[in-house]
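Read the single chain below, which is given as structure tokens and is the form predicted alone.
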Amino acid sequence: MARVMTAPASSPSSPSSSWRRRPWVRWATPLLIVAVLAVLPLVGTEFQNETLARIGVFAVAVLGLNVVMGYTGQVSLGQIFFLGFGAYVTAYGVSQDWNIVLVFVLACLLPAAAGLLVALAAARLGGLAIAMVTIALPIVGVPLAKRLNEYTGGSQGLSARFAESPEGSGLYDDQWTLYLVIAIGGVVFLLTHFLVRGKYGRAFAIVKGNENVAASMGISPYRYKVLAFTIASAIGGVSGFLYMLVIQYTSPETMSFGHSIELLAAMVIGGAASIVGSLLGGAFYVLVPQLTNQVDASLTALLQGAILLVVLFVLPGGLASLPRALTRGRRRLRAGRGPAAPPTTPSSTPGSGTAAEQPETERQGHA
């Protein structure tokens, strides 16, 4: 009887996954990121540093929107209002020569308080109802900012400059500003990372998945929606402080509804429920208009919409899902090829067996 020699099945190794599990990689990666961020402002030009600082500002704004929409699943179309609120608080405090630390605290707390009041009334709603409530924020905020001339400067807006580099530091103003954005934004991103990875993040995910299931598990959907909205408002206030740090000017146009839609698009393109997606969303918010303006300023909105459609068609999870999509593509490609044909020995060919392997009757016939 012919014998077939088959190769033993081998499980493909994954060097990349085993490499990530090594202990030194876990602490070396954060150190490498910190080192890059420490050197980045020193090697960039003034234009590059200003662009990176703008990206940091709107990455924080997208992060706040991600907390309430990406991680908790609540519709919010008014995040730009809290950015503008924080910017106005910062500009007014600087113009009154208040302590800058106090200004920063107020720029965080006052938008958070406003967000808490809105959330207490709107968190019991859902779907289009809460969307309409949040839409009203920038729609009401623009004319309100124009009327409060004493605090907002009316239609002319307010300007404030408080980011001059310290004497003796040897840094230019753009370098010092970028360092401040990296430091403040980095802390906000780090705290948000711990928040969404902890018990509150798990509660947010359950509320997002099914509010009835959350209630049956003892998790109050109303409480956690209010909490998420308040945190998102506070992060919006931080982005407003950074906005004044970098842009140094704000007006009622800052909190227009169109900018709120652009923030929403940036979050979707970067990736919902993703820390990295918030960074990518900030980059999209700043860089894409610059690129489209160079192509044709009159087609900026059209080109941005086309980019949005292409990204959502190719990557429904946003740019942050690109590594996962590539991994799935490689797995499907390997699965499509199928297992290799098993090698055979010469004995598997008919009529090529040895005398010892031939049937007994055949040997007797030869005899």
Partner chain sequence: GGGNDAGRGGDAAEGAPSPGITDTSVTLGITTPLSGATAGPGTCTVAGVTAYMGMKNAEGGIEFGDGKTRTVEIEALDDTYDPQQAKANYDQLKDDVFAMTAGLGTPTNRAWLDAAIADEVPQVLIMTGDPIFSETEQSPWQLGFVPIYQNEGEAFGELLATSTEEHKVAILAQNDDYGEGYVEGFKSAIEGSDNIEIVDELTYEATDTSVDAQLTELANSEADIFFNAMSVTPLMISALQKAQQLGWTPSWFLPSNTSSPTAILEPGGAAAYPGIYSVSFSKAPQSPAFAEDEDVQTYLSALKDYGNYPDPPAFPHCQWSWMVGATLEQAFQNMEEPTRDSFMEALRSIEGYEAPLMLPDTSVSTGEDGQPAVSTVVVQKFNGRGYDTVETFE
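Numbering follows the first chain given and starts at 1. What you are looking at is a predicted structure, and each value in this text was computed from that prediction instead of being measured. What we label the rigid core is the largest C-alpha set whose atoms superpose within 1.5 Å from one form to the other.
We do not show the form predicted together with the partner chain, though everything after this point is about it.
Though the partner is left out of this view, residue 186 does not reach within 4.5 Å of the partner chain in the model of the complex, counting heavy atoms only. None of the heavy atoms of residue 321 is located within 4.5 Å of the partner chain in the model of the complex. The closest non-hydrogen atom of residue 297 lies within 4.5 Å of the partner chain in the model of the complex. Among residues of the shown chain, residue 164 is one whose heavy atoms approach the partner chain to within 4.5 Å in the model of the complex. With the partner omitted here, the stretch from 99-107, 289-297, 274-282, 233-241 that lies within 4.5 Å of the partner chain by heavy atoms in the model of the complex is 289-297. Residues of 70-104 placing a heavy atom within 4.5 Å of the partner chain in the model of the complex: none. The rigid-core alignment places the CA of residue 296 2 Å or more apart between this form and the one not shown.
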